[in-house]
Ligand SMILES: Nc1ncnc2c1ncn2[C@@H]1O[C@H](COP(=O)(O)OP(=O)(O)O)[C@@H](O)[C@H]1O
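Have a look below at one chain only, the form predicted on its own, in structure tokens format.
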Amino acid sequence: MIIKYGGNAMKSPQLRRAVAAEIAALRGEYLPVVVHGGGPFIERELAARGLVSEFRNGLRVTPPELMDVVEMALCALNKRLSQEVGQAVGLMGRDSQLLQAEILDPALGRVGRITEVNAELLQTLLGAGITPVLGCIAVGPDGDALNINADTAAGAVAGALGQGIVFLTDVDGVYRAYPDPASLAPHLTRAEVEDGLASGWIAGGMIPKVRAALDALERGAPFATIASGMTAGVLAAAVRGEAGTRITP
């Protein structure tokens, strides 16, 4: 089971520790792999150095002078989160070439697209009862770090392992008529998601989330669930398909 965790859902230390405990509790039934981002933590480190980042189509433009700060911020968060999960090891994509990538678009700087996942390393750790906690930094063809969107990195890992994935976000799932709570869709097929994108009832910040879910399915994940990480207790229900929106092929 792949769990993508990041963004605003990580800002509260108390909530983050609660979610970490829920991840640990899953080990009784699943073999969890955590893939995390950390936008708020990156922003804090950039601001401390007087650096400003720009976003294009939801991706952080990452010139080399920003890449070092991004990697530093994610490494520190990675170790903190792995400690909070317990019986876990914090890894970045550069470790044993865990995540290999190529430049996505030269205009974005050191932003990458995953080309290969070292699934054997992850399976070895899971077989030893250790939960891998992955920060979304990959290694490029030149041996240097590349910044990877955490949603797409998690989708690539889910596909490589052939496992379902839960995206913990700041919303309860996909709505057919946001923000009407009655319009929350508990299940959508790939075709329904494509229709939502085309007709506009999937819009705004939900677009990159569902595209990451579709990418995970395309790579081989059996399902992708989008659920809230802003409330403790949701994760286990989302894993069972009882919370959020589950998207299937």
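Numbers for residues come from their place in the sequence shown, where the first is 1. Take the two forms, superpose them, and find the largest set of C-alpha atoms that agree within 1.5 Å; that set is the rigid core. It should be emphasised that the depicted structure is a prediction, and the values quoted were computed from it without experimental measurement.
Separately, the form predicted in complex with the ligand exists; it is not shown, and the next lines address it.
- For the ligand, fitted onto this chain by superposing the C-alphas round its site in the model of the complex, the count of atoms within 2.4 Å of backbone or C-beta atoms is 3 or more, giving a blocked pocket.
- Contact with the ligand in the model of the complex, judged by any heavy atom within 4.5 Å, is made by just one of 101, 174, 134, 157: 174.
- With a 4.5 Å cutoff on heavy atoms, residue 47 does not count as touching the ligand in the model of the complex; it lies far away.
- With a 4.5 Å cutoff on heavy atoms, residue 169 counts as touching the ligand in the model of the complex.
- Contact check for residue 198: every heavy atom lies farther than 4.5 Å from the ligand in the model of the complex.
- The ligand in the model of the complex is approached by residue 203, whose closest heavy atom lies within 4.5 angstroms of it.
- Segments offered: 126-134, 157-165, 83-91, 174-182. Contacting the ligand in the model of the complex at heavy atom distances within 4.5 Å is 174-182.
- Residues 4, 6, 7, 8 are the ones in 1-38 with at least one heavy atom within 4.5 Å of the ligand in the model of the complex, listed in sequence order.
- Remark: with the core as the superposition reference, the CA shift of residue 203 between this form and the one not shown reaches 2 Å or more.
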